[in-house]
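Following this are structure 1 and structure 2, which are two forms of one protein chain, each written alone as structure tokens.
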Structure 1
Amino acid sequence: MNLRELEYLVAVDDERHFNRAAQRCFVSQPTLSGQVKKLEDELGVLLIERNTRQVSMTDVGLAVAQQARKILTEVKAIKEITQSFEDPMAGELQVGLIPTVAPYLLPLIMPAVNLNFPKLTLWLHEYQTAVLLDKLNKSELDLLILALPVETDEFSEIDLFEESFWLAVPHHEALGRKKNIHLIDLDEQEMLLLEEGHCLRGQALDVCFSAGATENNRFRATSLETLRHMVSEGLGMTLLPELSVPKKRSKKDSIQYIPFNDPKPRRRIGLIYRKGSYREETYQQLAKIIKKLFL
């Protein structure tokens, strides 16, 4: 078997036309026809049903073409591997982030990343922790930015920064007058939280639990911004991670943002990747740049 044969097969599956497929592969039609036939002979099955009027794939053909695509993708990866050794800070990276971090962190770090590593292209993906871990595992993603710790020994972690929680209260609430608050001030309070699946929900629940607060079970927000709108509508208070707290705040805002006194409740944000990945150097340098911004 041969990688070119596989390319030809994939081209036929895409084009459903031998001539066009051949053009796409920059070879003549007889060449492509011949190689496809050779592949069929070697495998001992008919991959493509064809007459002079129409081309269609057999069931086996479809399955083999699918596998061929996978193989060709893995082959491309070889070139990326070697390039990443030549220059660790060049190439493409599939990065996954959790939704409660991505929109607030990316504007902060992307300019610095692009400036320092102009040859590095980041493809950004936003999913909840469980999905991210699965995709990292399956090598669909290379690198995750999420809340630590993650209990698994298949991945390596790098700490990035710690993020405190702030209290977001509607303007009219008594608590909104305070400049700082203590955890115990939350005792007996009812909090709005995110829906199931967001790791932030679990972290906030922990804080609520240790402070003696409870969850408002009538509403659960699907995103941090929904949550913020709910607070702004006066429906209740919530905990927000520091990065999502606006830098410019005024006493007239419909939401008052209040920091905690020590010991501040907080979460760790970090970066994880598959243990022993050949891209380790890339990840370390990326982490270094991001950390610098939080000093």
Structure 2
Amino acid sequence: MNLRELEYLVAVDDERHFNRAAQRCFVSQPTLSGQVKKLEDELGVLLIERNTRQVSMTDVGLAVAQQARKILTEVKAIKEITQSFEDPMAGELQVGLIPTVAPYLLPLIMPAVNLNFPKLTLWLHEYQTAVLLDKLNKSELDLLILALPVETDEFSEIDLFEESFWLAVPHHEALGRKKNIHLIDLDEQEMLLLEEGHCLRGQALDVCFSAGATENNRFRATSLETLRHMVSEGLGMTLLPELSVPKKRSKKDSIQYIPFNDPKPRRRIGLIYRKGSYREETYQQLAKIIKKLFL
């Protein structure tokens, strides 16, 4: 039995598909299948039920996979300990970000991270909040950058910055002629919002409720860029976080981006990681660099 076989078994349990598990582990499907079969032969039990349509874990397979996750997590912790003593700002980190942050924040922070920590390699992953938290809990990711607060006490968090919401409205709309707006200006307006699963949806709904606005239930977007295109076509208005608002805008732009007057609706963006992580100094140093960019 070796760690690679345990990693393959966990991948099959997560994916319930040999080809996807092999892609995740960067090996061929025959290699992964052969190693899992070797593990079964060594243990003398059937871990996986195989047929042409689906992959199912046996009861003992589920139990072994769960124990394998614990072993892989402890091995990762050992590597983190040695790394933190040698050089906390070297090595690799698996970093997860939410889709409403990743495309706008990464171009800002990655040059600074690469300049200050040239020995540190960040592997970046973009998922919705629930998936990120699950992967962090399973030690598949090391830290997350997402909207706070997160309703769990399993992780430690560091505030990074706050960003305001802006109103994105078709240029021809009456609100589009305003340079600044108050929340009350949204009273009885209909807003285009993201679909379920995005934490930004809940935050935008809170703003709508406080302002007396309602959701346009005829459409829910999968991304901020989809919302932007809908507004551009004159199909409604929406709220966008400040980082996603273009810095350079033309007078011919079909969208008017309008900031709110105080009190501005806003969201907190932060970094979270597993409590007790031996790489806490690494995360603190990363947070320090990001914070400086927003002072």
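Whichever C-alpha set is largest while still superposing within 1.5 Å between the two forms counts as the rigid core. Counting starts at 1 and follows the sequence of structure 1. As the structure is a prediction and not an experimental result, all values here were calculated from the model.
Two forms of the same chain are shown on their own. Structure 1 is the form predicted together with the DNA. With the core held fixed, residue 240 shows a CA shift below 2 Å between structure 1 and structure 2. If you fit the rigid core between structure 1 and structure 2, you'll see the Cα of residue 262 move by less than 2 angstroms.
Once you line up the core between structure 1 and structure 2, the Cα of residue 9 ends up 2 Å or more from where it was.
Superposing the rigid core and comparing between structure 1 and structure 2 gives a CA shift of 7.2 Å at residue 44. Once the core is aligned between structure 1 and structure 2, the alpha carbon position of residue 250 differs by 3.2 Å; this is the C-alpha shift at that site.
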